[in-house]
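Given next, in structure tokens, is a single chain: the form predicted alone.
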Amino acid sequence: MTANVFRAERIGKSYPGVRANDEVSFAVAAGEIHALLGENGAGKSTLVKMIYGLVRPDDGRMWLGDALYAPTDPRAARQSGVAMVFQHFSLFDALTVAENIALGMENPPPRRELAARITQVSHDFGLPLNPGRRIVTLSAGERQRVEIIRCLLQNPRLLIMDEPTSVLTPQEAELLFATLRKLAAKGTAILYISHKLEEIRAHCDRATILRHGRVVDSCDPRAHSARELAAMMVGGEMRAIDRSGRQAGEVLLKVQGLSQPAPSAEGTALKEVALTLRAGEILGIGGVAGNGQEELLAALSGEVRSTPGTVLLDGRDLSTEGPEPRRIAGLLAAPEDRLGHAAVPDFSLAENTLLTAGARKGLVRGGLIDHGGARAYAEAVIRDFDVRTPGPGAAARALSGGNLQKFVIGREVMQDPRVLVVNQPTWGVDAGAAAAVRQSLLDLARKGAGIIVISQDLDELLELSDRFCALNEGRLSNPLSTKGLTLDSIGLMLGGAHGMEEARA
């Protein structure tokens, strides 16, 4: 029998009004990739924080190998051989890749030697990184690479991975799993959290399933379908998505000749981007991380203004307008980076509604904030989007990643926009919540809104979109109908092979 590297026995943790973990027992064997499954708010994040020393359990015991294990902080966990890739990036924007990685090492080598190690390991993993680039210039996918490489440089006994492929392309994810298999073959135990159930089925040896903080099942995920795993997580059958009842209407948004210089030396310039979006339509935009997704959202949201005549909503030229006039006109956006860009970490959920809904929901009048209205609106978002939180007074940083994502998407959807642009709408969201978020976008389109979904999840784009475009090096391909579109043809488009496309609609 393979020895256990890690074992938990009746671990429990409570917060005011919430029992986050309740008598959780499970083990991870040497050489095993062990999945930890559960809905957003099921207790996964609290559990792995206890293992990594960020949170102390109220009761229960843990073992690492044959020794009792009770880390007082992450440093103690790392010294014991436990490493963790976080869902929310723990990186300093002003520092370089190498400087951030050095901060997580007890005795970092000289800078040149560390840079060489980062370059070597990152290329071995198929996740190339420039050690000298500043974090602020990196896309979310590239930041995730920094977190992964930082952990792998530690040669851990137990590697905890919290949604590591959320912002990786399918190709990058496959390379990552090839490396995880190599690590497992050497005896590393891997505790893996993901909401991508097909990914779990393909690559994990065992799964422990949490619901409301308790272990409710344990299984070999390869012996179950994704739908069966989802049913174990939620305690019932998943409802199918309803795509019916939508018809493309008049043109709402027209973008023509949109070009923007790169925001930094490592950013991506937008080059003659053109698209049309009709009422009731969902346009999917796919691309490998770092090909202009963030720059395109910034140009559409008004965070970066463009030359006159390039962005028109209902025939009105909004090109030189900033975010607030565009929101008032009905052009809303939800960015990829939910904690820091879409939400202020230390603001309450009620306060975070004011960031985008102040004018459209009448929460700010004459310079005065309607605190009661903001709280009521936050409560409505929490209720309608099933956000697991004690209430609207909770700080954004206190929510799990998936629950914060549901809140951010709900905050925009419930403002009834004319056009909504979303980047990575279901990043880090469990299967049930992902289906709910996607259904909310379809329902919004059914009401006559136009929606642009920017995503690296190709299955998501094919499920939601009526038409598909590829973004490659800042250029947007001509759109194709998603009917009959294959992953092979999408792969060619993502690589820049755009000659196969239809004329722009």
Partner chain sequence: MIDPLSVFLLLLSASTPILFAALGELVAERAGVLNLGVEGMMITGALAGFAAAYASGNPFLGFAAAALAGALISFLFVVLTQVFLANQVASGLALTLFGLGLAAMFGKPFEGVKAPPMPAGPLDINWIVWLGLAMVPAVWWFLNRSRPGLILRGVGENHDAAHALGYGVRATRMAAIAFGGAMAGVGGAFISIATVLQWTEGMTAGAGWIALAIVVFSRWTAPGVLAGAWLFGGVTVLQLRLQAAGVQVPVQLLSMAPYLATILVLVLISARQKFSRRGGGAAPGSLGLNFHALR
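Only the largest set of C-alpha atoms that superpose within 1.5 Å between the two forms is called the rigid core. Numbering follows the first chain given and starts at 1. Nothing here was measured: the structure is a model prediction, and the numbers come from that model.
What comes next is about the form predicted together with its partner chain, which is not displayed.
Asker: Counting any non-hydrogen atom inside 4.5 Å, which residue from A202, A116, V251, M105 sits next to its partner chain in the predicted complex?
Answerer: Selected residue: M105.
Asker: By the heavy atom within 4.5 Å rule, which residue out of A380, I328, L95, L183 makes contact with its partner chain in the predicted complex?
Answerer: Result of the distance check: L95.
Asker: Is T137 one of the residues lying within 4.5 Å of its partner chain in the predicted complex, judged by heavy atom distances?
Answerer: T137: yes, in contact with its partner chain in the predicted complex.
Asker: Check Y52 for me: does it contact its partner chain in the predicted complex (non-hydrogen atoms, 4.5 angstroms)?
Answerer: Because a heavy atom of Y52 falls inside 4.5 Å of its partner chain in the predicted complex, the answer is yes.
Asker: Give a yes/no on whether E99 approaches its partner chain to within 4.5 Å in the predicted complex, heavy atoms considered.
Answerer: Yes - in the predicted complex, heavy atoms of E99 and its partner chain come within 4.5 Å of each other.
Asker: Could you tell me if R446 has a non-hydrogen atom within 4.5 Å of its partner chain in the predicted complex?
Answerer: Output for R446 is no: heavy atoms all beyond 4.5 Å of its partner chain.
Asker: Within 4.5 Å of its partner chain in the predicted complex, counting heavy atoms only, one of 31-39, 53-61, 451-459, 466-474 shows up; tell me which.
Answerer: Careful reading of the contacts points to 53-61.
Asker: Would you say G104 moves its Cα by 2 Å or more between this form and the one not shown, aligning on the core?
Answerer: Where the cores coincide, G104 still shows a C-alpha shift between this form and the one not shown that is 2 Å or more.
Asker: Determine, after fitting the two forms on their core, whether R278 shows a C-alpha shift of 2 Å or more between this form and the one not shown.
Answerer: Superposed on the core, R278 moves its C-alpha less than 2 Å between this form and the one not shown.
Asker: Establish whether a shift of 2 Å or more occurs at the C-alpha of R134 between this form and the one not shown, with the two forms superposed on the rigid core.
Answerer: It does, since the R134 C-alpha is displaced 2 Å or more between this form and the one not shown after the core fit.
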